[in-house]
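Read the single chain below, which is given as C-alpha cells and is the form predicted alone.
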C-alpha cells in the first residue's frame, strides 16, 4: 500500500499542469503493478485499446505473474519468448553494457532479498535485513553479461533471474504512443506510474507542462515544457523503509554492492525521445552518482537530465537550462548547469 500511495502522489505531480481548452477524453487503470492514466485527443475505442495494450505487455513482461514470459524463463533458466520480449531483453542488455553495469536486469534475486518485489512486506514487524553473507551469495547470481539471447531464445545462468522493471513502463509508453500515432492521434499525455510521455502538443497548440516531484521537500520541484518526449524520474523517496537499525533503505539497488545505491543523489529525471531509454537511464544515472552521470551525458548527449543531490543541490544539463522552471523551495534557483 505504501508503494501505491506514493505512485499516486507522483502521478498527481507529473500530470500536465496547464489545462487544455477542453478536457480530453481520459482513462485511469492499474497495470504493471502501478496506477496509469492516459489523456488523448481521441475516442473511447482508442482509450480501451490503450488499456488492452498495457495489459498485454504486462502479461509478457511481469516478473511476478506466473503466466508471463519473464516468469517462465526465470523459473526454467531460459526458454522461448515472443519476438517483442526478446527484443526488449536485448535492448535492456545493451543499456546494461552502455552504463557499465549501473543498470543490471539480473538484480532480481537481490531485490527480492530486500523485500521490494512485493507490496505486503511488513517492514515494521519481523522483516529481517539481508546479511552481508546472504548478499554476497546472491550477487554471485547477478551479471547481465551471462544472459544469452539468440533469436527468440533466452538462456540464463543457474539461479539467475531477469527483471525488466527498469525499462518496462518506459517501453510501454513508447508502444502506446506508437499505437496512438498509427490511429491518427496527434495529442496525448501518458502517465504510466510516473513514466510520462507527451505525444505532440496539447490540442490548443501549447506544449505539455510536466511537473517534476521534489524528492526532499515534497510538492513540485519544477516544470518542463515538452512535446513528443518522455520524462522519467527515479528517486530513493519513491519506495523505501526504515530498518530495525534505524537506517532508511530505498529500492534502487547498486549492482556492485547489492545494497540500496548510496550515490549522493535524491532523484534523477531524464528527458528524451524514447521512454524505454529514459526509464533505463533514470535508474542507471541514479546509481552512478552525479560525477559519473554527468560524464555519461557528455559522452552520449542524446538526452537531458535534472539531478537533485541528497543535500539539496539542483542541477540540470545544458539543454534544459532555459526549459526547466523551478518552483517551491527552489523557486528561481539552480545550483548549477552541467555543460
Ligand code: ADP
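Positions refer to the first chain, counted from 1. Bear in mind that the values here come from a model prediction, so they are computed numbers and not experimental data.
Just so it is clear, the following notes concern the form predicted in complex with adenosine-5'-diphosphate (ADP), a form of the same protein that is not shown.
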Just one stretch in 181 to 189, 160 to 168, 221 to 229, 206 to 214 has heavy atoms within 4.5 Å of adenosine-5'-diphosphate (ADP) in the predicted bound form, so which one is it?
160 to 168
With the partner omitted here, the residue among 199, 176, 154, 103 that in the predicted bound form has a heavy atom within 4.5 Å of adenosine-5'-diphosphate (ADP) is 103
Contacting member of 111, 86, 141, 95, with respect to adenosine-5'-diphosphate (ADP) in the predicted bound form [4.5 Å, heavy atom]
111
Does adenosine-5'-diphosphate (ADP) come within 4.5 Å of any heavy atom of residue 61 in the predicted bound form?
no
Is residue 255 close enough to touch adenosine-5'-diphosphate (ADP) in the predicted bound form, meaning at least one heavy atom pair within 4.5 Å?
yes
According to a 4.5 angstroms non-hydrogen atom cut-off, is residue 195 in contact with adenosine-5'-diphosphate (ADP) in the predicted bound form?
yes
Partner proximity in the predicted bound form: residue 270 to adenosine-5'-diphosphate (ADP), non-hydrogen atom cutoff 4.5 Å
no
Residues of stretch 50 to 75 in contact with adenosine-5'-diphosphate (ADP) in the predicted bound form (4.5 Å, non-hydrogen atom)
none
